[in-house]
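To begin, one chain is listed below as structure tokens, in the form predicted on its own.
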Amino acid sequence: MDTQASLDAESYLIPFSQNVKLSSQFFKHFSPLDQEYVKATASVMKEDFLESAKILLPESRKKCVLICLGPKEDWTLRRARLLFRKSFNSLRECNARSVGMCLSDFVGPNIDISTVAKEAALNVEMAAYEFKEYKQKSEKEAPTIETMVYTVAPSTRARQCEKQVRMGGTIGRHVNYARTLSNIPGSDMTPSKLAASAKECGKKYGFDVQVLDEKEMRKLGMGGVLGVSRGSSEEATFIIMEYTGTSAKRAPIVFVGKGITFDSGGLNLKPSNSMDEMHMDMSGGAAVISALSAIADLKLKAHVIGLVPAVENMPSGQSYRPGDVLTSMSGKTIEIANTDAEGRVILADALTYAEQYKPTHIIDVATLTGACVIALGHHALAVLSPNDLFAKTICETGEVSGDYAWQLPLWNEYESDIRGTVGDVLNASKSREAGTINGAMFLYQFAKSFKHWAHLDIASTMTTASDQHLSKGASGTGVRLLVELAHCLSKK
């Protein structure tokens, strides 16, 4: 990272606010003519948050993006994330290969320089991401930004900022890897290929990976995973990852990710307009794989286990049926009311498998219910736990990480909705009410031995929203939250 207010970039980001205009370190080094041109442009711009203008400086011929922060007292971490993404997209339109950004320009009463450094690098990485693996390269494509020149004011501790920039960039790249895993079509991201991706990550970043096949799962009695897998020609896998950044004797944190690599709904076939994004139904699994990779890459002092049951849910003559009863690894029987409520069935076995680790905390991450989208829209994931203090910790960590979370109740009154008639538990309630809560309540039947367990329903944040200034497709939801939780919970 360049720590001087140098001008060795092709374009620059110049922020201004309604009460402190044009204080950028870069601006102070412009020639008088260029300064006057910038002032004149800013004077006619709307002073609304994210209002921006692209200009070419008349003397130096440098390109600049002017962008409004709004009132400094309203400058928050949430706003900063959006501004860094929007700014990057505007700078990309300048056709420049290198961009200068002075981190000190974005410090305010509610956000310090270390946070600015981390979030700028993280959100620039996320904004730069595009999934182009299946597109032909166009000759009309603008050049990509290859270099970000992050600078700070002379009085700032540059080394601390440099460390935060590296951390933010690292996390951003692993979020993008989760997006890639989720964006790959189901024909090319099968259970075995997801397991192979986890092995590659383990080899690259230094954590152990073991993969169980169906024969091994059968010995363990994983009737939930095997039952859902029956309809597919692709065999299920069960991915076990372990990162030991501290004593292996220390009880681990366990992350469990739903890995349905394609969800047709099974015999309860989804409507055609609800199926095209179902290759992303393994986004929870992608988040866990990428979080373990980021934790290992950052060399956090933590002991973390990641579990991902990976399965296809397909219709065939071998598929599990509504009315079937599956025996889970725990011994509890699962009455199948709807084959499209398959995620909770495979997670039941994963939660039971996790008991052997005696974890300090366990969190499962899943695109579990469409009801979560109805409840929360696309800007928050749902948190459900019988431990309100743990749920509160997750929501607070969501604000810090950028994966915003909101708690829904998990009261005993909801338990009657998932009691089976011929089996111990019912995988889908007969009514449409409280779908997200019922899904979590089902999982809770297999998590009662854990003191600190929480369920994250990420169906609401699986894809990017139009106002997030990110490319369309998978969002990489959950990765930032899991990394921050591993960091915080390990300290405790």
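In this text, residue numbers run from 1 along the sequence as written. The model shown is predicted, which means the values in this text are computed figures rather than measured ones.
Keep in mind that the form predicted in complex with a small molecule is missing from the display, and what follows is about it.
J.: Tell me which of 159 to 167, 347 to 355, 362 to 370, 201 to 209 has residues with heavy atoms within 4.5 angstroms of the small molecule in the predicted bound form?
T.: This holds for exactly one stretch, 362 to 370.
J.: Just to confirm, V116 within 4.5 Å of the small molecule in the predicted bound form by heavy atoms?
T.: Close contact is absent here: in the predicted bound form, V116 is far from the small molecule, nothing within 4.5 Å, heavy atoms only.
J.: I'd like to know if M462 sits close to the small molecule in the predicted bound form, meaning any non-hydrogen atom pair within 4.5 angstroms.
T.: Judged by the heavy-atom cut-off of 4.5 Å, M462 is in contact with the small molecule in the predicted bound form.
J.: Residue-level contact is defined here as any heavy atom of the residue lying within 4.5 Å of the small molecule in the predicted bound form; does I336 satisfy this criterion?
T.: I336 lies outside the contact set for the small molecule.
J.: Taking 4.5 angstroms as the cut-off for heavy atoms, does L181 touch the small molecule in the predicted bound form?
T.: The answer is no: L181 has no heavy atom within 4.5 Å of the small molecule.
J.: Which one of A341, A382, V254, I394 is close to the small molecule in the predicted bound form, taking close to mean a heavy atom within 4.5 Å?
T.: Looking at A341, A382, V254, I394 one by one, just A341 meets the 4.5 Å heavy-atom criterion.
J.: Can you work out which of L298, M278, V149, V124 has a heavy atom no more than 4.5 Å from the small molecule in the predicted bound form?
T.: Of L298, M278, V149, V124, the residue with a heavy atom within 4.5 Å of the small molecule in the predicted bound form is M278.
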